[in-house]
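Below, in structure tokens: the form predicted on its own, a single chain.
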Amino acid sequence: MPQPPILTLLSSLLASSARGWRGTQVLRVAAPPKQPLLIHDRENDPDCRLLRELLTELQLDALVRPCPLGGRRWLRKLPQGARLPCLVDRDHEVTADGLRACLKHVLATYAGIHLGTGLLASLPMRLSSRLASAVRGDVGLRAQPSRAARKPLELYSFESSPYSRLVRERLCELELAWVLRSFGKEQLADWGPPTRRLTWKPWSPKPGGRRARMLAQTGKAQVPYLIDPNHGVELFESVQILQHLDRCYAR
């Protein structure tokens, strides 16, 4: 299978390592809202990363509107004066902007935790997230000319996935709205690449989990997995996904 350039993949691995691989494991499956969370986000922004990690850990989905520097498509939809990340919870009629407000709402509403914001938004967390951003440089930060998509794309991803990050960065640069399907590890046996799971037994997904459903539907249980309803395609490998995005949406 085609692989990304080695230096690109290495820097993505280092970015995940800088964050201690947070945003990998599902810690609690939250009851999802009836209407998906709406998030204005910038992929390589340190504060936005901390919110996305929490979404992975609670297995929460969201409609992501990328707001890269120099972009206009979704930045102009932000409430006046709002900071990134900006979260809209239509079920609870709440708009939260800035890291602390977003974390506080998600923790209290979907995890029943009222005292965790200070820890997740603490100085060590933010510094390590800045380090992760520095490792990736400007990738995923700045808008590039693109064609708008009629319908949002759909991406199965977990925040620390080095391969998924490459796809999320390109979606942000192209200002393509997408539905995040949080696909964090559901058990210890899920850790490791698909061909080298951390189990002595033949790997099997957690019964009833997201991996079990994807395996039944597609024959695989891995990320990134992109569904593009505008072109009727479903793709697994990051290189093929990036080629598709550039072919169909980059100008």
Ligand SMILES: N[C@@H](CCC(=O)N[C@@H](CS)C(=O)NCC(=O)O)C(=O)O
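Note that the coordinates shown come from a computational prediction; the quantities given were computed from them, not determined experimentally. So that there is no doubt, residue numbering starts at 1 and follows the sequence shown.
A second form of this protein, the form predicted together with this ligand, is not displayed here; the remarks below concern that form.
Problem set entry | Touches this ligand in the model of the complex: G71 (any heavy atom, 4.5 Å) | G71: no contact with this ligand in the model of the complex.
For this session: State yes or no: in the model of the complex, is some non-hydrogen atom of S133 no more than 4.5 angstroms from a non-hydrogen atom of this ligand?
Result: No, S133 is distant from the partner.
For this session: Report whether the minimum heavy atom distance between A221 and this ligand in the model of the complex is within 4.5 Å.
Result: So A221 counts as contacting this ligand.
Exercise. Taking 4.5 angstroms as the cut-off for heavy atoms, does Y110 touch this ligand in the model of the complex?
Worked result: Close contact is absent here: in the model of the complex, Y110 is far from this ligand, nothing within 4.5 Å, heavy atoms only.
Problem set entry | Partner-contacting position among D47, D190, E43, E57 - heavy atom within 4.5 Å of this ligand in the model of the complex | So the residue touching this ligand in the model of the complex, by this definition, is D190.
Exercise. Since the chain is shown here on its own, which stretch among 136-144, 73-81, 155-163, 118-126 would lie within 4.5 Å of this ligand in the model of the complex, judged by heavy atoms?
Worked result: Contact-bearing stretch, as computed: 155-163.
Problem set entry | Contacts with this ligand in the model of the complex, stretch 91-130 (heavy atom within 4.5 Å) | Contacts from 91-130: none.
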